[in-house]
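Just the one chain here, the form predicted on its own, laid out as structure tokens.
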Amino acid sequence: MGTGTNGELKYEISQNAYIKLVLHSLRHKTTSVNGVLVGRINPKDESIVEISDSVPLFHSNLSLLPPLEISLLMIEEHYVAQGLSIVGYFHANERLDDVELSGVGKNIADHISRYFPQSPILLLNNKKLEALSKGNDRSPVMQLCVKDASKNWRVVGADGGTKLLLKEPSANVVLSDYISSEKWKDVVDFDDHLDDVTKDWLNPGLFN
């Protein structure tokens, strides 16, 4: 890959991938939740990572390895036929004022980055999410974290808004509508699926 460090990359997330992750965090407001980003390197521009889908993972015991390993294998197996793979990690903290990335989150993100070195972490910014209904901010309600030259995760600062892009500019408007209609109640994650296999972690009907 000819783009050098992660700091030079841009990450473009599709509306559905973005909204699904935020709705998952809203369904489990009192706990930490996580998920994975699915996508690929843009074939025409290697400086862009396209995040075309997302999969909500867990809302309890985020650090348990066996369920995590099972879920990652199933996700990779499903998406490989579409030419897609796991390209990043999403995390939402339990406390609204907590903007730090947990050790558990870093460990899972480290695991993903071994297979996809350009992978980012998207960390939910609860303050931006709360402010969504009050304004017309079109920027993502997530903070972008990438690995620096020392292989440590860091939040991308002032230029974060130019590094993490919403593919559809109106995504926050659609997200606000879904929040108003309590669409978050319909989100299924891997915790739900492992408890009841009839619940589909792909959430096929979520945006119908």
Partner chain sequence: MVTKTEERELNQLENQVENGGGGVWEYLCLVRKLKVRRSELVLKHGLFILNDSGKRSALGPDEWTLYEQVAIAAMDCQSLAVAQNCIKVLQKKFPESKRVGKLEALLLEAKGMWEEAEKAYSILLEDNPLDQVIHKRKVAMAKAQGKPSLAIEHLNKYLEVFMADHDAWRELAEIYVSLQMYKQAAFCYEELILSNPTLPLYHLAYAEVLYTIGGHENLIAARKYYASTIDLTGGKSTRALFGICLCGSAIAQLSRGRNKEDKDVAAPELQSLAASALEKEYKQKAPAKLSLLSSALRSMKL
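Values in this document were obtained by computation on a predicted structure and should not be read as measured data. Residue numbers count along the first chain shown, from 1.
Below, we turn to the form predicted together with its partner chain, even though it does not appear here.
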query: Stretch in contact in the model of the complex with its partner chain, which is absent here, among 173 to 181, 34 to 42, 147 to 155, 66 to 74 (heavy atoms within 4.5 Å); finding: 66 to 74
query: Candidate site Glu8, Ser47 and Asp137: all three near its partner chain in the model of the complex by heavy atom within 4.5 Å; finding: no
query: Answer option from Val104, Leu84, Leu132, Ile112, heavy atom within 4.5 Å of its partner chain in the model of the complex; finding: Val104
query: Close approach of Glu94 to its partner chain in the model of the complex, 4.5 Å, heavy atom; finding: yes
query: Residue contact check: Val188 to its partner chain in the model of the complex, 4.5 Å heavy atom; finding: no
query: Non-hydrogen atom contact His78 with its partner chain in the model of the complex at 4.5 angstroms; finding: yes
query: 4.5 angstroms heavy atom contact with its partner chain in the model of the complex for Asn61; finding: yes
query: Residues of stretch 192 to 208 in contact with its partner chain in the model of the complex (4.5 Å, non-hydrogen atom); finding: His193, Leu194, Asp195, Val197, Thr198, Asp200, Trp201, Leu202
